[in-house]
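The chain below stands alone and is given in structure tokens; this is the form predicted on its own.
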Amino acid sequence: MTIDSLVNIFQGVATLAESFSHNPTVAFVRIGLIFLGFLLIYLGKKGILEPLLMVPMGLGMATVNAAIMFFDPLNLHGGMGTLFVEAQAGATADAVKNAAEVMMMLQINWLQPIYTFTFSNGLIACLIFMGIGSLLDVGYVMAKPFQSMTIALFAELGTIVVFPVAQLFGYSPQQAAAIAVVGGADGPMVLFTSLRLAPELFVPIAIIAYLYLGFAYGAYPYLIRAMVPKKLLAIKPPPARKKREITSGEKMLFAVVACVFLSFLLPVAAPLIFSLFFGVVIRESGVKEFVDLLQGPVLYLSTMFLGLMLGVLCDVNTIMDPKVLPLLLLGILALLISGIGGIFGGYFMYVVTRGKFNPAVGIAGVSCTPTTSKVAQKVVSKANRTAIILPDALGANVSGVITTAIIAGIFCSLLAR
């Protein structure tokens, strides 16, 4: 058997060797992405990052960069491609010229139907929001609406600041808004907004958003400790006055009214608003079959395919796009400033309550629920085991989801092309 025949059989080796000879940077990035995939799997397994997302994402990232071969039927990547997915097959009108080419990609790439019919149209984001909604207890917001919404608004600081900053990097207002929404730390909302405002940046924005959400949650405990002295971390909430318990009917009424009202104000964001509050209504309705469906198969299957799709989209061709490097910087900046803004909101409530509020709760205004709530409680527990701030944090968490939806809806309403 000759060397040429071996190369034809083991095309992954051949494509890597060709990259080293023609463009070494691409080869090194490809190897780096494979090892980054290994790292994500390890961090997910250890629980440092969200395993439900990072394990499939890491394996997809490592595998797709190993599986590059001399196969590219539409010649979109200079003769090299994979059998996983072609993101450009539904992202831009320039990439694929006609329906026949789309059908070709659907037949060739095994994950193409999932990408085309659930990922690139925002359906998977809506399904995840239904699952998230079925886990939310809006009673925490209803119990302390002013406190919860105030912190959530402070935690949108990253979105507000990065919007003009992204334009300074040369992005259009639509692209800048799609990038800035990363600061809301709400993955489905990032997917939805980028599809509406900047479909040409949809893939890199989605990848950056979810990669950085994982890393940011690992870094937020250090941010809390840097900004909040140990003395303040140990603050216990004052004993709650005995209040009338909020009934499931009242929670359902709140969800229905909020859904209709927000959809009336921001119809462009109505699909995600409806999906979120539909989950809440199902939770409070007590229809066990629907609750089990949304909290189990719908949420977990959608999350699994989301992680898998994000992983296989992290191929070297996408990451080497010159538009991606500024996104790397702007994404982490948005999440950092949002975390700082949330803690500022915690300090604002500390002043309003005359020292009775724990500022660490502010990080929960960064809206991924319940991760940032658990981060806040974990950090506080190390300073004072008897301090239970989780109810306040969950109120800020749920409010953060709502405020992110509102801001994204405003961006889409004002900037839609």
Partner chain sequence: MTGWNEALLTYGLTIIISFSVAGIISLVVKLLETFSKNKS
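Every value quoted in this text rests on a predicted model; they were computed, and no experiment measured them. Positions refer to the first chain, counted from 1.
Keep in mind that the form predicted together with its partner chain is not shown, yet the notes after this line are about it.
> I'd like to know whether Ser19 contacts its partner chain in the predicted bound form, with contact meaning heavy atoms within 4.5 angstroms.
Output for Ser19 is no: heavy atoms all beyond 4.5 Å of its partner chain.
> Just checking whether Ile407 would be counted as a contact of its partner chain in the predicted bound form - the rule being heavy atoms within 4.5 angstroms.
Because a heavy atom of Ile407 falls inside 4.5 Å of its partner chain in the predicted bound form, the answer is yes.
> State yes or no: in the predicted bound form, is some non-hydrogen atom of Thr150 no more than 4.5 angstroms from a non-hydrogen atom of its partner chain?
Result yes; Thr150 sits at the interface with its partner chain in the predicted bound form.
> Decide whether Ala226 counts as a contact residue for its partner chain in the predicted bound form under a heavy atom distance cut-off of 4.5 Å.
Ala226: no, not in contact with its partner chain in the predicted bound form.
> Flag this candidate site as yes only if Trp110, Pro267 and Phe274 all have a heavy atom within 4.5 Å of its partner chain in the predicted bound form; otherwise mark no.
No, because Trp110, Pro267 and Phe274 lack any heavy atom that approaches its partner chain to within 4.5 Å in the predicted bound form.
> Please identify the residue among Phe278, Tyr212, Phe254, Phe84 with any heavy atom within 4.5 Å of its partner chain in the predicted bound form.
Spelling it out, the residue with a heavy atom inside the cut-off is Phe254.
> Here the chain is shown alone; which of Leu232, Leu294, Leu308, Leu157 has a heavy atom within 4.5 Å of its partner chain in the predicted bound form?
When its partner chain is considered in the predicted bound form, the option within 4.5 Å is Leu157.
> For the interface check, one of 193-201, 117-125, 165-173, 281-289 should have non-hydrogen atoms within 4.5 Å of its partner chain in the predicted bound form; which one?
Correct option: 165-173.
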